[in-house]
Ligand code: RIB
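In the form predicted on its own, a lone chain appears below as structure tokens.
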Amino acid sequence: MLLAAQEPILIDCDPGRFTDDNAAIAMLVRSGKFKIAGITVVAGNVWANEGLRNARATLNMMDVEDVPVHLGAQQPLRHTAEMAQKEKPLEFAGAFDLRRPRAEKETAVDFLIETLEKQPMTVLAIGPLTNIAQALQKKPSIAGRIKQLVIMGGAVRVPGNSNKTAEFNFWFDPEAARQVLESAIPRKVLVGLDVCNQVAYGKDVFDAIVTGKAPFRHIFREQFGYGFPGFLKDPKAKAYLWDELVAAYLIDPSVFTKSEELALSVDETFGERYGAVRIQPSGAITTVLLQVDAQRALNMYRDLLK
């Protein structure tokens, strides 16, 4: 069960079997600082149907029984697997490289709206922003009900990790990313590749987690040991914190040591800059995190997961 029930939060994610999304959820649960009011799942790393099962499995491993999990957008607003085929070579295409399952009933958007209308709260968006964009389209007034939206996505002043210019979450649904960044949500915080690239770890951190007592240590060992980055195949491998840094920000914002207020948009022109972040001369402001105390972030990650 949850160690404590304090600040309510919503998590919108695209979890694989056990990846950075799952680790971020585990960090938030094990920190004891938050009450997760619900999890919504979006297509991204995997198709949303699979992500739904993975999110529930992660909660079950930690004996968390009171968190509703809702199926969200099963495809981006515009982007398709057929379009992605024309964009190759890509470093990572996520669900577009997987067989798409049969569509199921989506409940995430209505759940987000209903929950936020009952109580304003922080939303963590650690997958493509399709669910958030659709919720804003359906009920624009919920922008004012989001206390802060903390986003893992984008590459402002560094290269991308899907195509050369775009970070994966923004590349998977550029149209949704643009709509959310330009929205009336009063406080948006961007945890992009600008800071994620600063937090790399090696097998020592992996070993500390897999030899700990966490209930998910065996699946963590399998996924990070034999999947990316493959610590058990290559002891010199390096991994990076992505969604985990969103959890770290929420748990202790002081881990991040530099930020900048910027008006941002996202390139929707299909081509080599599809999904790339653009800095605008004016517009809705996003707080972009630029520097992080990497050792403190890694210590938090290791200690909460082991």
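The model shown is predicted, which means the values in this text are computed figures rather than measured ones. Residue positions are given as counts along the sequence shown, with the first one as 1.
Not pictured, yet referred to below: the form predicted in complex with alpha-D-ribofuranose (RIB).
Heavy atoms within 4.5 Å of alpha-D-ribofuranose (RIB) in the predicted bound form are found in one stretch of 165 to 173, 115 to 123, 135 to 143, 71 to 79, which is 165 to 173. Remark: none of the three candidate residues (Phe18, Asn54 and Glu222) comes within 4.5 Å of alpha-D-ribofuranose (RIB) in the predicted bound form, counting heavy atoms only. Residue-level contacts in the predicted bound form: of Val180, Val195, Met152, Ala95, one residue has a heavy atom within 4.5 Å of alpha-D-ribofuranose (RIB), and it is Met152. alpha-D-ribofuranose (RIB) in the predicted bound form is approached by Asn45, whose closest heavy atom lies within 4.5 angstroms of it. Residues of 239 to 263 placing a heavy atom within 4.5 Å of alpha-D-ribofuranose (RIB) in the predicted bound form, in sequence order: Trp242, Asp243.
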